[in-house]
Ligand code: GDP
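The chain that follows stands alone, in the form predicted on its own, written as structure tokens.
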Amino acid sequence: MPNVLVVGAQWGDEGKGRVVDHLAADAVYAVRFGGGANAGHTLVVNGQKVVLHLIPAGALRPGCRGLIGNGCVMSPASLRAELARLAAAGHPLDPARLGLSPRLHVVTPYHLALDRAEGAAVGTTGRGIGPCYADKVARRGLRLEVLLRGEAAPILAAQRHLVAALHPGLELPAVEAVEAELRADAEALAPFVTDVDLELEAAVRCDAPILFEGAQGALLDIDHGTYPFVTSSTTTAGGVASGVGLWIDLHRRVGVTKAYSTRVGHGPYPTEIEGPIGDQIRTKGAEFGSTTGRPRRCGWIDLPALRQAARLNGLTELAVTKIDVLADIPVLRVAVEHGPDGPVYVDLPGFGDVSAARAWEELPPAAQRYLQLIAEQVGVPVRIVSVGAERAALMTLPEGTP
């Protein structure tokens, strides 16, 4: 297996987790290179729903070690809770199965307070991710290694002072209490700390296959997304090297897209569907946030946006998820251009139930045509198609189809 990157090609929530889970069967490492616990990857493993936030989805595969790179941000308490939930569900991860970069930046209670005071304007998850990245860029962030050395107090004091100055009415915990709580959680995670860059360098030298997991989606990238309604990190292929500390060749670059589109929070959304069809897609697709439970806005697939994602990431292939959700909609609309008066659509006939299909030949002709149009318009072949939540409901298409 070559080195593989899996990224979201829309506004996040595309089903990256199940694609990563599928590809991780052949990987030795699964690596997160950006984002925080505002991401939510949902898997169904042996009939059991598993929701991950910061831990790489590939780490649930036996023989695959998860790594969380320096480009991510982390709440020690949140990560400990995630590990505990996985263990209770029968998926324990010890330091042999998961590693953390010491250069991870730590989300503090002051970041949470600031996000909850200001984040509603852009529709954040309120997990403190944006303020943590802001402090990182402003050089007042708290790295995990600094926290473990017991040198966090001056940094926390500066963070508290800033939040208090911006929002004088907020009740903020004392620095001493925050430091003690963060330090206790960090020390519990200390056995997981490793030099992620050196591990990956050694893996590259012995040709061990590595799988990189993106968070959110290309259209939420801090530089190239629908700014300012974006996340606070680099969500595209360009963030891999800086997010793990190693230049690495990415032989396969898989962009994950739903067969329709969704968006959480505020921001432009030209193909949004208002009315019964949008409600039908939301209900059938269970389009509610894995992290927040918020209902997602639903719309037709936007191929100009997918072309942008393909360009940003140099995509070599597409994975199309949730095509089963579109079953029984009589006419399916596909946005092929953005005109002065809004999206320009091509209408295609709908199709029936596809959930039992396990090969290209088993898909109805109308579903095949739908996928062919996506590949033709984006200029990237469709290689993976998901027709359900179970691991078995994911097919790999042979070359030339479509």
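Just so it is clear, the structure is predicted and the values come from calculations on it, not from any experiment. A residue's number is simply how far along the shown sequence it sits, counting from 1.
Unshown form predicted in complex with guanosine-5'-diphosphate (GDP); subsequent notes refer to it.
Comparing 335-343, 360-368, 64-72, 42-50 against guanosine-5'-diphosphate (GDP) in the predicted bound form, the single stretch with non-hydrogen atoms within 4.5 angstroms of it is 42-50. Note on contacts: among 322, 111, 105, 253, the single residue with a heavy atom within 4.5 Å of guanosine-5'-diphosphate (GDP) in the predicted bound form is 322. Among residues of the shown chain, residue 21 is not one whose heavy atoms approach guanosine-5'-diphosphate (GDP) to within 4.5 Å in the predicted bound form.
Contact check for residue 389: a heavy atom falls within 4.5 Å of guanosine-5'-diphosphate (GDP) in the predicted bound form. When guanosine-5'-diphosphate (GDP) is considered in the predicted bound form, residue 136 lies well away from it, no heavy atom lying within 4.5 Å. Contact check for residue 160: no non-hydrogen atom falls within 4.5 Å of guanosine-5'-diphosphate (GDP) in the predicted bound form.
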